[in-house]
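Just one chain follows, in the form predicted on its own, and it is written as structure tokens.
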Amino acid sequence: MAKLVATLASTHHPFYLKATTAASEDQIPQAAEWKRKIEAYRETLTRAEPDILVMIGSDHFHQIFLDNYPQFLIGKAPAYDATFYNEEREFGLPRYRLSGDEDLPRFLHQSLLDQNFDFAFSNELKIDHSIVCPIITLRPQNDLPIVPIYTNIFAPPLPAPRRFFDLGRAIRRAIEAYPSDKKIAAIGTGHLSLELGGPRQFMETGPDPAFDRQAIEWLRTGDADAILGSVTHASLDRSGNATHGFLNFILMLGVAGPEEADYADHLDLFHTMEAYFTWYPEGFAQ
């Protein structure tokens, strides 16, 4: 059977590449520290030596729109074009051609259906920065096939936080049941407190620093009970109009165990809190 060798969860800040490759006089004050933290986080994936990356993100209304927005979707293509024009223009993100894996998503799709998760699927999915950003930060050589999974964190009504957690558990069961000797890493990205286009968008901190500190501690300690007992759609909205991206962190904690993180780090970038977590399965030789 396949082996889950690592679970990783982080924010996906689209300006990381631009911020850390600009001329030194044009870089933000945190650029060098940010780069060091990303390189340390990257090593947690490298150490696991995965063969395939199952990548969880959310389309930012680039390909999926309000006329037909699935709650959960899996890509089943042999390859994926990545990066939309506005992401090139605004964030300086490069275009990518990402290799896919057709057998694993077929298996995962059937397994998730059997576990009562009615996934949509796409054979022509184009990838945006929720998955491009972790490629840049975690696997810049882009040498591994991916299986993309998209969740709905933007278009109400959204699945409940418990549903995201339960999906994480189901994804792990599906990966570990896959009849293969492949080593698989699960990588997901989302947000902590975040405001987009609202009055709290450009503050000295994220819009809700208290939530950010609590969320980091919940994830570091693997306290799923506290998260599920505290987090609601309404509470996320109070923390910032895009804070529902935290639902993807809840999903990744479901994949992870939930367990205490083997690696946890964060960085305050004046208008948002960036955070990085890695969980290894029991018995992994670090």
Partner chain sequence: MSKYYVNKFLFSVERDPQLLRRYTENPDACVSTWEQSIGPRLLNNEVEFSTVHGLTDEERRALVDHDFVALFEMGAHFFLNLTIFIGIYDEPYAAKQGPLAFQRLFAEKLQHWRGSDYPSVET
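Numbering follows the first chain given and starts at 1. Remember, it's a predicted structure, so these values are computed and weren't measured experimentally.
As for the form predicted in complex with its partner chain, it is not shown, yet the points below apply to it.
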| property | result |
| --- | --- |
| Contact assignment for its partner chain in the predicted complex, among M203, L113, A160, A177, heavy atom within 4.5 Å | M203 |
| Sole residue of H233, H62, R47, K37 within 4.5 Å of its partner chain in the predicted complex, by heavy atom | H62 |
| Region of this chain that lies against its partner chain in the predicted complex, out of 37 to 45, 252 to 260, 62 to 70, 221 to 229 [heavy atom, 4.5 Å] | 62 to 70 |
| 4.5 Å heavy atom contact, E195 to its partner chain in the predicted complex | yes |
| Any non-hydrogen atom of Y80 within 4.5 angstroms of its partner chain in the predicted complex | no |
| Contact test in the predicted complex: A242 vs its partner chain, heavy atoms, 4.5 Å | yes |
| is_contact(F107, its partner chain) in the predicted complex, heavy atom dist at most 4.5 Å | no |
| Heavy atom within 4.5 Å of its partner chain in the predicted complex - qualifying residues of 130 to 145 | none |
